[in-house]
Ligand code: BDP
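Given as structure tokens, the chain that follows is alone and in the form predicted on its own.
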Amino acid sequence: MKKALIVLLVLATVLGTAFAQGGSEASQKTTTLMLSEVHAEGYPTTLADREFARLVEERTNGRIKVEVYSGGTLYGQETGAIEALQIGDLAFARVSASPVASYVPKINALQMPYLYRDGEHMWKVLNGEIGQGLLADIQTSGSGLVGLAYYDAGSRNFYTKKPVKSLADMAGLKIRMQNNQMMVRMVELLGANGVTGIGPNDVYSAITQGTIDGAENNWPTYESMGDYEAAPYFLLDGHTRVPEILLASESVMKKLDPADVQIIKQVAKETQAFEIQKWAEREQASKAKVVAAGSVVTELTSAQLAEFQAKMAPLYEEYGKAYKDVITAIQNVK
């Protein structure tokens, strides 16, 4: 009788442990979420996406796994990714701030030419009351999007076939611009001619063939596309600094445990510093390569930069009038 009782107790213990383990496994069920990225592997934002994924899985103890799809393999256009976020077909996407302005018009203020004194000024704005307020406005806009964090995309600068050392040197130059009327207007006010309709892959040939005298972009693009070989003069004017934004789907976030949503938001903020560092490293590597190849870099003095900024008065009236309060607040950030 005693042996039978001992056997029963052992069986009960084994079964109890099994049920406990089964319950534990059930509570640790993994939710897999997708993140869309149009940039290639190794690009600063893609590296930050993967760091975000790693930290989310680590901080949630494996409850949430984020799969990063880079190089546009999931959505080739950022607008497509945004639409997928809105209907809950996608959890996260790293996009430029530009298309997000369609839902929060005040974000257009961040795209104004010669708005910032330098990169430090921009980050004071983005991580301060103004930038964080705009990030919060994304979720309250009714767009179905959640703004998680800003990432760096560097500054756009002019590069040309002949030296440009001052505002006067811009006169008459044909500069390839994005298909953006405000940016075309910007270059016209500087005395040059904006040329659109040339894809990024065709800039090099357009310069060598004489169709254009130069273009504008950030350091990594100038280097990676080989444009520095055709236009070896780089003017570090930083005319625009449009940040990237890591977005989440509001409908997807609502399905998660609120505690995990807080972890996701916190992790996103933390990866900002990681991405900024990776961007700085990429910029330095690109700059070193083109300088070693013979490119000449010209930096504007404060007085020269002020001349470029002063030419933007008509543009600010035409394109920034509706966001004048935000623009003024940004300019006043010390």
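Start at 1 and count along the sequence shown; that's the residue number. Keep in mind the model is a prediction, meaning the values are calculated, not measured. Throughout, rigid core stands for the largest set of C-alpha atoms superposing within 1.5 Å between the two forms.
Heads up, the form predicted together with beta-D-glucopyranuronic acid (BDP) isn't pictured, but that's what we're talking about next.
The three marked residues, Gln178, Asn218 and Thr221, each reach beta-D-glucopyranuronic acid (BDP) in the predicted bound form, with a heavy atom inside 4.5 Å.
The closest heavy atom approach of Glu78 to beta-D-glucopyranuronic acid (BDP) in the predicted bound form falls within 4.5 Å. Using a 4.5 angstroms threshold between heavy atoms, Lys265 stays clear of beta-D-glucopyranuronic acid (BDP) in the predicted bound form. Within this chain, Arg59 is remote from the site of beta-D-glucopyranuronic acid (BDP) in the predicted bound form, having no heavy atom within 4.5 Å. Taking the partner from elsewhere, His239 is found to have every heavy atom lying beyond 4.5 Å of beta-D-glucopyranuronic acid (BDP) in the predicted bound form. Of the listed positions (Leu90, Met122, Val95, Leu134), a single one reaches within 4.5 angstroms of beta-D-glucopyranuronic acid (BDP) by any non-hydrogen atom in the predicted bound form, namely Val95. Site annotation in the predicted bound form: the residue of Leu47, Val68, Val290, Val38 reaching within 4.5 Å of beta-D-glucopyranuronic acid (BDP) with a heavy atom is Val38. Across the options 170-178, 206-214, 141-149, 110-118, residues that bring heavy atoms within 4.5 Å of beta-D-glucopyranuronic acid (BDP) in the predicted bound form belong to 170-178. Residues of 224-260 placing a heavy atom within 4.5 Å of beta-D-glucopyranuronic acid (BDP) in the predicted bound form: Glu244 alone. For Val195, the Cα coordinates differ by 2 angstroms or more between the shown form and the other one after the core has been superposed. Fitting the two forms on the rigid core leaves the C-alpha of Ala215 displaced by at least 2 angstroms between the shown form and the other one. Superposed on the core, the two forms barely differ at Ser249: its CA moves less than 2 Å between the shown form and the other one.
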